[in-house]
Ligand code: HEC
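Only one chain is given next, in structure tokens, and it is the form predicted on its own.
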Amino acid sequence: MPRAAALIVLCCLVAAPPLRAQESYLAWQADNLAIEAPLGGLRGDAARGRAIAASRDKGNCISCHMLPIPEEPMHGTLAPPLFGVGARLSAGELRLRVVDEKVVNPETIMPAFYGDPARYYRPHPEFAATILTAQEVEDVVAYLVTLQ
């Protein structure tokens, strides 16, 4: 694998923690390139979403996207900048992109942050999990909507 391709793959990998017993996958359905209803009816918190987007251990959005998070010195340039994304896309459109961008753009390298664990082969059941919980998805969406 060429060095640049390996770097791209490494930048986008996020360790998926196993689902905890109290967490269960909440099915979603896309309609017109959006998931209009919040996952499980959950309400997102923009401050938590900003922290997840900046976190190298969780969402890691900042590794590929430029975001208005000035205290973080390194921002990725591989993916589109997210400045003003809340003015361009609705909450439902943002939700689908966070959940599974491949529905919108099958050629993307962006991982599905909330894909159905039953649909993916994992070598060990411990790793059959989503990257973000439904609550964390809603928190990230709440943050992205504020980026006007």
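Note that the structure is predicted; figures quoted are calculated from it, not measured. Throughout, we count residues from 1 along the sequence that is shown.
A second form of this protein, the form predicted in complex with this ligand, is not displayed here; the remarks below concern that form.
- For the three marked residues, S63, V85 and R88, a heavy atom of each sits within 4.5 Å of this ligand in the predicted bound form.
- Of the residues A46, L26, A34, A79, just one reaches this ligand in the predicted bound form with a heavy atom at 4.5 Å or closer; this is A79.
- For the chain shown alone, L39 is not a contact residue for this ligand in the predicted bound form, no non-hydrogen atom being within 4.5 angstroms.
- Not displayed here, this ligand is kept clear of A51 by more than 4.5 Å at the level of heavy atoms in the predicted bound form.
- Under a 4.5 angstroms non-hydrogen atom cutoff, this ligand in the predicted bound form has F113 among its neighbouring residues.
- At a distance threshold of 4.5 angstroms between non-hydrogen atoms, I69 is out of contact with this ligand in the predicted bound form.
- Residues of 83-111 lying near this ligand in the predicted bound form, listed in sequence order, are V85, R88, L89, L94, R97, V98, E101, N105, T108, I109, M110, P111, the criterion being any heavy atom within 4.5 Å.
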